[in-house]
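The chain below stands alone and is given as structure tokens, in the form predicted on its own.
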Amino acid sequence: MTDLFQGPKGTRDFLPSAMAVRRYIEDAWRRVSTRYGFQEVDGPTFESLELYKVKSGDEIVSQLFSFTDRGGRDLALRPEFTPTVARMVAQLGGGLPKPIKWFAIPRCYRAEQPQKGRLREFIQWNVDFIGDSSLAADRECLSVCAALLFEMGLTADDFNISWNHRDLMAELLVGLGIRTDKLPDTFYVLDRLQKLNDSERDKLLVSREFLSSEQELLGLFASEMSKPKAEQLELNKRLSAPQVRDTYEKIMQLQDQLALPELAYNFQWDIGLVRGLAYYTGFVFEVADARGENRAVAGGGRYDKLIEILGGKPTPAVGFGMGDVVLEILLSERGLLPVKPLGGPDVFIINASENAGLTGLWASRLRRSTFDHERKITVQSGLRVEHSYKASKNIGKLLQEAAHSHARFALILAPDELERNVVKWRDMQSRTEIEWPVHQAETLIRAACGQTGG
């Protein structure tokens, strides 16, 4: 096969087994979102390039798949969903009841170098709580995020949640000697400190025109942040200085107010966490693999000014995003992905009779849904039904085919039983069988598959 016909670099083909894992993750995202009262939304796959520049600055352009349409408009495939949410809220103005609790599961695109945990096309879970400036909204987003991780089988030993507060961090930095006008550059540097070696860091600090005292402070941060918290002695000494003591106490008080009982010891303030995007305004957080073996699992925070920047009314907002790529890796490494492919049929029909038409007849009946036209709802969904396409009367081989399909049950139509007007019903897991009268079989099959009468 030539390169021309291979999948684009940094993308994935979702064959049935991979698609089953994807649906497993997406179903969990939807379950947890709706449990917390969030409603699903979606938007266009591409937006105005300017929308992303307004949110993240001009430097974001190099990370996007952007293009010019036939009308000369500069557009870009969405790298995330928050700008779309903010645009929708800005456009609708005050017409939406507050608070707005929305979630989305969009495909996103970034023109980056593919590596472990990072692809050019990925799926992201976005959760946004808009119109509420209280700490309760911050805690709700934290709680939803943690609930998903626990829902997938992870424990408090598998992940850590780091948090910070942009405004309090700015106050702390100024107290420690950073000039106010250098705060944007400082946040930019802090977001990259752990990714740079000493030489790269020094070069960056010089290029950003930091004073020698500021360079020394940021160098100290880099050194201390690489140590366990109990060994960050020099940093703790700086934080106990009189000029920043009050600010540090505010941060510790906020830690107590934000902490969720279920997070216990794995929720900690991190002085190095600023989430470099310029639009964050207050509380920010990030979820990491406790073993430090993967990229961030999720992250987000407050963006109280973004909707106003996009032309809407001043509106507080907080949210987070979680990508499927790192989450799937983490679940796989912890042995938490389903062993068998998901989505197997409810019923596998085995027809060992001379009447080949019975297969289609039973499949049609069991797949049929019941629709209530008055209420305009489906009151009984059709079952997932599969059958063999081989002309075989060997029930043993057909049962093997049913097992390979991961069917829950098998409906066996055999000559001897049909002469007595009964069918065989087999539980594929327990391998137990029972006979049912033909005229009652459909009702009993639907009941066995968890359906009640429509």
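Just count from 1 along the sequence shown to find any residue number. These numbers come from a predicted model, not from an experiment.
Below, we refer to the form predicted in complex with histidyl-adenosine monophosphate, which is not included among the displayed structures.
Legend entry - Position in contact with histidyl-adenosine monophosphate when the complex is considered in the predicted bound form, options 312, 345, 117, 219, heavy atoms within 4.5 Å: Contact with histidyl-adenosine monophosphate in the predicted bound form is made by 117 alone.
Legend entry - histidyl-adenosine monophosphate: the contacting residue among 282, 323, 316, 99 in the predicted bound form [heavy atom, 4.5 Å]: None of the other options qualify; the answer is 323.
Inset, instruction - Could you confirm whether residue 80 comes within 4.5 Å of histidyl-adenosine monophosphate in the predicted bound form, counting heavy atoms only? - result: Yes, residue 80 sits close enough to histidyl-adenosine monophosphate in the predicted bound form that at least one of its heavy atoms falls within 4.5 Å.
Legend entry - Heavy atom of residue 296 within 4.5 Å of histidyl-adenosine monophosphate in the predicted bound form: Yes, residue 296 lies within 4.5 Å of histidyl-adenosine monophosphate in the predicted bound form.
Inset, instruction - Please check if residue 106 has a heavy atom lying within 4.5 Å of any heavy atom of histidyl-adenosine monophosphate in the predicted bound form. - result: Outside the cut-off, so no.
Inset, instruction - Please run the contact check for residue 182 against histidyl-adenosine monophosphate in the predicted bound form: heavy atoms, 4.5 angstroms, yes or no? - result: It does not: once histidyl-adenosine monophosphate is placed as it appears in the predicted bound form, residue 182 has no heavy atom within 4.5 Å of it.
Inset, instruction - Mind telling me which stretch in 227-235, 125-133, 369-377, 67-75 gets its heavy atoms within 4.5 Å of histidyl-adenosine monophosphate in the predicted bound form? - result: Every other range fails; the passing one is 125-133.
Inset, instruction - Let me know which residues along 92-115 have a heavy atom within 4.5 Å of histidyl-adenosine monophosphate in the predicted bound form, or say none if there are none. - result: Residues within 4.5 Å: 110, 112.
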